[in-house]
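Here we start with a single chain on its own, the form predicted on its own, put down as structure tokens.
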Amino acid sequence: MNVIAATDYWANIPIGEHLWLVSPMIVLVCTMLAVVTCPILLGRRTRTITAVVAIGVTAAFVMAIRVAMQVADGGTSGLSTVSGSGMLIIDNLSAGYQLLMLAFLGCVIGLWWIGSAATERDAPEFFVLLLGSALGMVLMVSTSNLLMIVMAIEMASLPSYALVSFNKRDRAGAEGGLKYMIFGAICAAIMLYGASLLYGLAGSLNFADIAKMVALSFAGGGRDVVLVSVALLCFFAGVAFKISAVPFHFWCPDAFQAAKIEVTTWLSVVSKAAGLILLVRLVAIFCGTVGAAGLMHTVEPIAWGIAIVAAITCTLGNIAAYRQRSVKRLLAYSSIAHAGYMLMATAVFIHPDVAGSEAGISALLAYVFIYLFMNLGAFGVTAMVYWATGTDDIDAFTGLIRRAPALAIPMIICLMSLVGLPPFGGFLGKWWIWIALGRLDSTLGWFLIMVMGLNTVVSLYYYLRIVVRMTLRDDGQAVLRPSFGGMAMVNVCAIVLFPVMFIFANGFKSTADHFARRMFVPTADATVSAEPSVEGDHSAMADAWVDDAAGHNDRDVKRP
């Protein structure tokens, strides 16, 4: 038995390059340590703590830009179907999400500074939880390893539970946080059970190997099909929990209403985006794996399963929003509906060698970007009204066009964009998803197009309720005087949604297409692992896996 010396083993691994690729995550960890240390050395002054956090997030953002440039120049993908890819994957997808998340984190910190900094007594604890949640979400989109996925989801979830119930003196916040935590614990247990089954069946933690096992099981039939299906359903419960997809959505309205509005803004966008991008990564790996093996016919049950969950999610979210008078709660149900729309894009399973196979991934990436500005603007205006009036009831928005036109106009643009009406940015997001679904030219695609169209019409009513209150009703309430920073932020969101998004729509979509198109490239992976990466070739894998499929039966699935 050959024993490799530790020095010889590590000599073959470019440690410096790997550390550089994960430098934004390292900076986030260092910022958390600085925030914990700061009260001991410099005191608990809110201004000092916020300055430390702002410097750390800015440094992480700069590092993320440099990593994104390095990844783009190298043409790295990370979504190849090789089973030797590392536990962490640094590719266009993860680098792009890091940039988006860090920019949004800066906006949330600004929103916190405007509304809560003056009264917050526990700023260090708040920011440690916020940064910990951000780190977990970055890890979620940067892996295809089963164990790492579970750890990342928990790392993102645990701080979120505390953030929702951060105000210890608020009974509603404590109740919302408790519901969120209990529901999250149940989903985590189900996910772990599914992950253990998948590992037992595939003998590997890498999702490419698991995808191969699933495809071969579905192709061969037999008793393993039921077990594999149960394992997949249980595992994806954890992902559906982060997306707040039905039936794992119950935590969302209570948690969003109970939390501080800046926390609600954070969870409404970043948490869902992380879950969806993780899902699209797994879908892309699955497509590449079974496509190389010539087993694309086996994905239809999975695609239909995602499609049905997406249809139910957006329908339930829109219907439940009808009766809400709290605008925060209404936007919570709206976020559930939009999670359903984005899930539809992940139901586009197309062979990676077919022209236009990147349409679903590209549409989802574009929608997530647009959704960030829609929700940030809508929740930002809601925050300004809440801080000025002490309530987020729909009546507080009455006559807002007179009381604060600089808030009412961006709110109208954000709400109409959430509906998906032209010429606002939300229309482009839905339009690109419709195109991706139309490319399927199948019953599944047309079913989802009809569901999205009907739900868009249904959602028009509850969004227009707020617009009518702001513009056509006036009960003589006092004029609002929101902060300049808050008004600037929500108006920037409105300008991006209209007209900037329409002016640069072609260039923006071309960039999303480029990112999505490179996701199936099996070469030059930038991975971080404890073992050397393995270069893969689609044709070689196809030959090997077709041989496996030809001789597969329900007893041939390899186990550890």
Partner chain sequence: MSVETLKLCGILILLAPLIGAILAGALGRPVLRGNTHWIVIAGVAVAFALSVVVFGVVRGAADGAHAVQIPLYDWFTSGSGWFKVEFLIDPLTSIMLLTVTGVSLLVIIYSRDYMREHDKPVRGYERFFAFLGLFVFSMCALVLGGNFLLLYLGWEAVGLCSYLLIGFYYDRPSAAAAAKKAFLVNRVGDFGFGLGILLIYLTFGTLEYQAVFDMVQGGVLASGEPIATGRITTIALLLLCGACGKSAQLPLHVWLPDAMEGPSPVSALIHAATMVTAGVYMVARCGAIFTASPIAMTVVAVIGACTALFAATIALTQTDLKRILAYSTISQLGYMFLGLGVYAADSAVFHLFTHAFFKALLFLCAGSVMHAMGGIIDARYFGGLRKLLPWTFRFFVIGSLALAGFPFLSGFFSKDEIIHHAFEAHWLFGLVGLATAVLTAFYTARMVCLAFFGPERVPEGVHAHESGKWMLAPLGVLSIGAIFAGYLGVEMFGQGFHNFLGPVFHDTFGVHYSVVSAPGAAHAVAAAAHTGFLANYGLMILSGGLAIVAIAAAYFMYVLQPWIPGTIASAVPRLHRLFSNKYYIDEAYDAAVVRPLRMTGRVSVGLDNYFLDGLVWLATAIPRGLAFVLRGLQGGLIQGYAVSMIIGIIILALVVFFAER
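Numbering follows the first chain given and starts at 1. What you see is a predicted model; the values in this text were computed from it and never measured.
As for the form predicted in complex with its partner chain, it is not shown, yet the points below apply to it.
**Q** On the criterion of a non-hydrogen atom at 4.5 angstroms or closer, are 41, 126 and 281 all touching its partner chain in the predicted bound form?
**A** Judged in the predicted bound form, none of 41, 126 and 281 sits within 4.5 Å of its partner chain.
**Q** Against its partner chain in the predicted bound form, would residue 247 count as a contact residue? Criterion: heavy atoms within 4.5 Å.
**A** Output for residue 247 is yes: heavy atoms within 4.5 Å of its partner chain.
**Q** When the contact criterion is heavy atoms within 4.5 Å, does residue 329 count as touching its partner chain in the predicted bound form?
**A** Residue 329 belongs to the contact set for its partner chain.
**Q** Hey, in the predicted bound form, does residue 373 get a heavy atom within 4.5 angstroms of its partner chain?
**A** It does not: once its partner chain is placed as it appears in the predicted bound form, residue 373 has no heavy atom within 4.5 Å of it.
**Q** Though only this chain appears here, would residue 301 touch its partner chain in the predicted bound form if you measure heavy atom gaps against 4.5 Å?
**A** Residue 301: yes, in contact with its partner chain in the predicted bound form.
**Q** Within 4.5 angstroms, counting heavy atoms, which one of the listed stretches 386-394, 354-362, 264-272, 186-194 is next to its partner chain in the predicted bound form?
**A** Careful reading of the contacts points to 186-194.
**Q** Using a 4.5 Å cut on heavy atoms, which of 367, 463, 349, 333 is close to its partner chain in the predicted bound form?
**A** The residue from 367, 463, 349, 333 that makes the contact is 333.
**Q** Which residue, 308, 103, 172, 147, has a heavy atom that falls within 4.5 Å of its partner chain in the predicted bound form?
**A** None of the other options qualify; the answer is 308.
**Q** Between 425-454 and its partner chain in the predicted bound form, list the residues on our side with a heavy atom within 4.5 Å.
**A** Heavy-atom contacts within 4.5 Å come from 431 alone.
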